[in-house]
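One chain follows as structure tokens, the form predicted alone.
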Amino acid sequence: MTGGLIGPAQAVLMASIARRHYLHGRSKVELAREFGLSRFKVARLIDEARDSGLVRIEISHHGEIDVDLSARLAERFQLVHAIVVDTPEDDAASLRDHLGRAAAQLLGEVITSKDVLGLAWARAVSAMVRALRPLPGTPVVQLTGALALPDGRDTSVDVVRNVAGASGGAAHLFYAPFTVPDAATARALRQQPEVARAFDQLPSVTRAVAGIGLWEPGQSTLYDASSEFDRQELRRLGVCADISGVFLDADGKPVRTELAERTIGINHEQMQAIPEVIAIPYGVARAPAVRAAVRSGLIGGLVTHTALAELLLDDE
């Protein structure tokens, strides 16, 4: 907490513990074991939840975060963090801004100077960066090359440079496209000094932020930027979701694709090694991709909105 305000991660943790304690009769000892905390810390969190007004007759939170739905989502999918924003999805840009602010608050709350932050470009990640306050000297690593976008908005290079510039941490970035015409070109680019240096930092990344795309028109920036041949080929292979170029089927299993050999970005094994990848999915149409992502075990945190969270809980 900062300045007496309860951050989103703290609010969800308090709600999760309070929910189990007051509604399910779980003891403080049981909760301490489940959450990996001391019994005294659990007792303190329960007291804070009551004193702050988070717990009255029902679990509530003054603000746009639905802490009860967040706690249910975290519990169902065994997530480190789940933040559900109570906002409509009728305007995609506004929705991204709301989720970006919530993700920025979460990251500002949990990140420390000992962390290394990985950033993979997505429109929601870009919205988060615009709302992010300076981090405590945290190094920032670029996870993917740049996509050429019709609207000319910021790229993966920009988001890394902006976060590192505001925080004073080292920026491990590179100038390379996300996809290239053939695997030989991709291999050559990965060996370029600035690309190789950035990728050498991947084992040190402790937290990363990415988007989730559904492999359908208008639901994935990478899909929209790909050739028709690649779109059809990945669909034939059963690709349902992409997380910054990591392709998954509907069950969350990785799919080997020729397109992946032509990308300049993080791969499945490297993403799997990151302790917590926070995704910012939005739009109920992307529900199959989000389900695939949480089933994959790659995702440790979600920042999303009410309609998508309810659909995930209802369908799973």
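Take the two forms, superpose them, and find the largest set of C-alpha atoms that agree within 1.5 Å; that set is the rigid core. From 1 onward, residues are counted along the sequence shown. Fair warning: this is a prediction, and the values are worked out from it, not measured in the lab.
Omitted from view is the form predicted together with the DNA, to which the following refers.
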Which of these stretches, 243-251, 257-265, 284-292, 23-31, has heavy atoms within 4.5 Å of the DNA in the predicted bound form? 23-31
Although the partner isn't part of this model, could you tell me whether Arg39 comes within 4.5 Å of the DNA in the predicted bound form, counting any heavy atom of the residue? yes
Does any part of Ala43 reach within 4.5 Å of the DNA in the predicted bound form? Heavy atoms only, please. yes
After the core is overlaid between this form and the one not shown, has the C-alpha of Arg295 moved by 2 angstroms or more? no
Please check if Ala32 moves between this form and the one not shown, taking a CA shift of 2 Å or more relative to the superposed core as movement. yes
Does the C-alpha of Leu308 move 2 Å or more between this form and the one not shown once the rigid core is lined up? no
